[in-house]
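Alright, two takes on the same chain below, each alone as structure tokens: structure 1 and structure 2.
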Structure 1
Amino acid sequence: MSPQPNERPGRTIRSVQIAFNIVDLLQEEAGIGVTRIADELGHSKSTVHSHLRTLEERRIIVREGDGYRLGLCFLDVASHVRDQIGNFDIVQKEVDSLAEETGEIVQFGVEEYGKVSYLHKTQGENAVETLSRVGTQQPMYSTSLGKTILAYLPPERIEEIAAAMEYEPKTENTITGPEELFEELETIREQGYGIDDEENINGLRCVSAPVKNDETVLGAISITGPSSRFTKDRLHGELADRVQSAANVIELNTKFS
């Protein structure tokens, strides 16, 4: 828990914190029971017990064997969340078809709390395996998705996010400071797409295009692949075109919803 600068004070409710600590714990490690949870969180067994009862009654968790796991209701919540962001069906369709056409990894991401979250991901036929998966968060400065979204956010929001940013060099190409970042954002705005030249993971390059609704960015769509197949020419040419037109299709379809 690093001290977040952007957290407002105000009162916070302890039992709710505990409840979500339990959920978090069960997310990481399913099948554990009262004692284990109590130890892990530093609470008494009785406390944990009544929390588990509450969560179980709500069907947020499920007893399985001896231990608990998170309930399937989260799948439902997740699909609602996706729909709240935008028209997820369209996004999914477009991402899938771009993945099929190109055979590579195609992702759609949005900004939240100064990070990029992947809403959808599809691995094409020849796609390299990567660890990122739906729901994961990545920094904005080291990914093409992140930089591209950032480039089109309102200036004050860019400032806000940039101010809270901690630059951690992931590779030797990673952007390491604000000046470099702002320059990059300018470039992205000029060319209409962003690239990641092995800035997040060695050997991988990406191109992304923003998906806007009127003047606000909803998110961005990207193609990722190995540098061997993703030459700079191809990145800036064919591939940039493809993500941009995919982004366009999504934009057109979300306009009327």
Structure 2
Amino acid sequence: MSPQPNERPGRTIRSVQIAFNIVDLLQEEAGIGVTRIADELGHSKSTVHSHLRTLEERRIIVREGDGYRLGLCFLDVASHVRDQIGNFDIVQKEVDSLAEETGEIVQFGVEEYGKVSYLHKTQGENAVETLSRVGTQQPMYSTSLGKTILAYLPPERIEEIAAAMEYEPKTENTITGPEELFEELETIREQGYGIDDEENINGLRCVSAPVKNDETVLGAISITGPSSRFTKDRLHGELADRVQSAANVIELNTKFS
């Protein structure tokens, strides 16, 4: 696997890796115990137990009966991370407003480690269920948020991310290589918005607009819905206009806040 952008080669600490692997596993399945964790991670029970005791002592995890779950301290960590995004309140207000107006899913994403990370998501009254949730990541090449952000990054950063990505086909419409991606990015820059035409999930379409501060792209805002409602005419017309308008509001309020 190619190294991800922003990853720095060098020595790593095995015990820290084990501790975070335990945290990741408990995020996926709360309530599991020492034996299950040891089996899943391929470590001895004594090794896992010592790491669990350390994490429990630091109040990172909580023991309940014979199992463990993540501690509520992660709520504070998440709130702190969110607050590091200087314009989060502005983003949240506009995402919520657009979801209420359209009745669909509206999301805001930023680039991190060569992927699009979801910062905020709101579901309107007619929204369909999707797997994305705040804090998770998706590939940049198969999502409208990812492609739209990528289109406005500095050229050297675009090259770095494009070279590191593994172009796994999600659907028959997914971009499958750098050359096709670069053509799509040029189209996005020309029209001012990007689309996901059932490229990440069959039956789902999405349109995104970049949010910039002068020449720096801060992220992108998107509207997502079923292809039955998101016809191509509507995608490139009404919905593209709505998402570009929302992006402009965020940009203006960020600049003058």
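Here the rigid core means the biggest group of C-alpha atoms that line up within 1.5 Å when the two forms are laid on top of each other. Residue indices: 1-based, along structure 1. Since the structure is predicted, the reported quantities are computational estimates derived from the model, not experimental observations.
The form predicted alone corresponds to structure 2; structure 1 is the other form. The Cα shift for Y68 between structures 1 and 2, taken after rigid core superposition, is 2 angstroms or larger. Relative to the superposed rigid core, the position of the CA of N21 differs between structures 1 and 2 by 2 Å or more. Core-superposed comparison between structures 1 and 2: CA of I188 displaced by less than 2 Å.
For R59, the displacement of the CA atom between structures 1 and 2, after superposition on the rigid core, amounts to 4.1 Å. On a core-based overlay, A30 has a Cα shift of 3.5 Å between structures 1 and 2.
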